[in-house]
Structure formats: C-alpha cells, structure tokens
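One chain comes next, on its own, written as structure tokens: the form predicted alone.
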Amino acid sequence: MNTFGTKFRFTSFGESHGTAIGGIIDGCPAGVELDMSFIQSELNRRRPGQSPVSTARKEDDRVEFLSGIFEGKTTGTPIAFVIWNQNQHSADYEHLKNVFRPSHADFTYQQKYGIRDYRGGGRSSARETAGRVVAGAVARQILNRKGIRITAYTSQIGPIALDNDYRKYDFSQIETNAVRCPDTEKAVRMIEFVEKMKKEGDSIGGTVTCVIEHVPAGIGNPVFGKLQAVLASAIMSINAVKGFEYGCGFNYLDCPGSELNDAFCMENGQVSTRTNYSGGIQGGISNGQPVYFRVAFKPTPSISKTQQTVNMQGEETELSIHGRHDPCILPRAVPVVEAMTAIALLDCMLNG
C-alpha cells in the first residue's frame, strides 16, 4: 500500500537513509501549467533544519522531475520525480540495529517483513512525506485554479492551545514564526515550550487545524466514499498522526441538536447555512461551506531520555536515542497536512 488515490494517484518510494526518496503521480490531467518555484517553496516549508525547534539534519530537498512534464505543462502521462538524500548520518543509528525503539515501527516492521532498515526508521521515517508535499503541490495548483484554498496551521503544542474557531485568526501570520501559528503571542509561548522539551531531551505533540475554503457543493459520495472518510484516510496515513476530527468534532458532545443543527438560509441568491458545525460536509458530500478539521500528532518518539525496551534476542534493556530529531513535529507537519488534503480532495473531485 504505497499508493493513495483512485483517479489522481500518488505512489511514494524511498527510505530515510537510502539514495533518494520520490514518487510517481498518475492520473494528473494534461495541459496543467506548473509553477515549479511553488513546488520547491512547499518543499522548503517541510525540509529539516529550518529552525531551532526542528531537527538539525540539513537537506536541500531539491526536487528533480523525470517525466510527465513538457515545456512546463503536464502531458497526462505519469509524473515521476526524485529528491536525493544528501545528509544521512547512518552511523547515528548503528547502536539501534538490535533493539526496538519505543513507539516506533521497528518491532512491527520486523514482525511483518522479517527485516527492517534501522537507519532513521527507513520507510517509516517522516522523511517519506517530502514526496507527498511534491504531489500535493501539483494537486494544489489545479485546485487553486478552481478558487479552492487550503490552509493549515499549528493550533496546539502541549498545553498551549488556540481557540477552535479558525475564523478568529489571521492566516497571513502563519508563516511569520517557527511554529506556524497564526496567534503570534501564543506562538512565542509554544516556541519556548518546545525549546524547554528539547533541553530536557524530551518531545511534545499537539494539533494542526486545516481549513479548505471555496469547496463547491456536491464533492464526495454517500456511504463508503464520504468526503470526510477520504480526508481522514489521507491524513491518518501521515506519520505520528493519532486523531482526526472534522466540524464540531468532540468539542460539543454536551450540546443538543437544536444548538448544533446548521439552519439553512438564502445568501446572495444561493442556499447557505447560518452556522457550520457540520464542517462543510453533510451526508458525506460537501455543502458549499468551508471544510475544516483538526489533526492530533503524538510527540516525536525519538528522545535522548533513557527508555526501557527489548532487543532482538528478547532481552529487556535500556536505550538513549542519539541523532538529529524534531522535538516537536508540528511545524513541519503543517505543509504535509495541506499536501495530503489537496491530493485527497482533487481525487474526490476527479471521481465525480
């Protein structure tokens, strides 16, 4: 299962410490003029080493397209691309080859395949998501031409949380700080908290909120092709994701239906709703209102604090993980959430 989508399909390949990572996009419509600088700028938002609150690994993450594009436009054939790994420190993982790191995929990969790449987690590494960002940047350009806008931001790190109403925030502030939070005051507190965790050899998780604006009504299918189900499948495939909720989610479980039902009204000659507790989706199909959801990310499991584990011989032991790791994955996860949202939404739209 290295492929996502049915009409707009993305297949990823590569490992954290292998020669390269990359992907193939199949089903992309022909004749789409691509802005390569936009694609690279999206990769730059995800790349490691961009701030003190991210991993110190340095990668240029320059994407190289191999096929499917001619004179700046898509040809309708598979779009293949590659991102060369240049800054692997595989020796940092030598002491982990015979032990299972807590909350990593070491044990499960070993059980399923009988072999695993212990260098940075191999295929299970978050480095794999760089390919998703490229595919998402292609999908976003198609969606942008339809007026659809996708915006994600860090809405919580540890105990520091924003209000659940995304309308209260200025999205232009998201890229002005290292944690990609639209509340500048809380962004400062978040950064301080992450730096504290880093000094203690620990890590912290939080949430990312994503908003899709100008989604036309009628996207998605009833029963098993629900729009929220496709989005959830895409988002839950991202490393470290532990939860997905859309619309009012878990926050209004004590409210009666009379308060949460979205009353219909007429607005500028069009059917609309007075509220949007449904999160822009009803019956699995978009209703024309903004689609919004929240994603929970666990703390990065690679920490330097001593942890209890078991080795390949079944002996209980201790380990302290060395190397370069994110004390908080949230800032670099924001463009990944946007990318997978774009891939899933475009796929739904092409499916009709």
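None of these values were measured; they are calculated from a predicted model. Numbering starts at 1 and runs along the sequence shown.
Quick note: we don't show the form predicted in complex with a further copy of the same chain, though the next part is all about it.
S.K.: Quick one: is S203 in contact with a further copy of the same chain in the predicted bound form, heavy atoms, 4.5 Å cut-off?
M.R.: The answer is yes: S203 has a heavy atom within 4.5 Å of a further copy of the same chain.
S.K.: Against a further copy of the same chain in the predicted bound form, would E185 count as a contact residue? Criterion: heavy atoms within 4.5 Å.
M.R.: No, E185 stays farther than 4.5 Å from a further copy of the same chain in the predicted bound form.
S.K.: Looking in the predicted bound form, any heavy atom of H95 within 4.5 Å of a further copy of the same chain?
M.R.: Although a further copy of the same chain is absent here, H95 would stay clear of it in the predicted bound form, with no heavy atoms inside 4.5 Å.
S.K.: Residue-level contact is defined here as any heavy atom of the residue lying within 4.5 Å of a further copy of the same chain in the predicted bound form; does S67 satisfy this criterion?
M.R.: Judged by the heavy-atom cut-off of 4.5 Å, S67 is in contact with a further copy of the same chain in the predicted bound form.
S.K.: Given that a further copy of the same chain is left out here, which of Q141, Q156, T151, N177 has a heavy atom within 4.5 Å of it in the predicted bound form?
M.R.: After the contact test, the surviving option is Q156.
S.K.: Whether Q173, V215 and P290 jointly form a contact site for a further copy of the same chain in the predicted bound form is the question; each needs a heavy atom within 4.5 Å.
M.R.: No residue of the spot touches a further copy of the same chain in the predicted bound form.
S.K.: What residues, if any, in 110-125 have a non-hydrogen atom within 4.5 angstroms of a further copy of the same chain in the predicted bound form?
M.R.: The stretch 110-125, when checked against a further copy of the same chain in the predicted bound form, contributes Q111, K112, Y113, I115, R116, D117, Y118, R119, R123 at the 4.5 Å heavy-atom cut-off.
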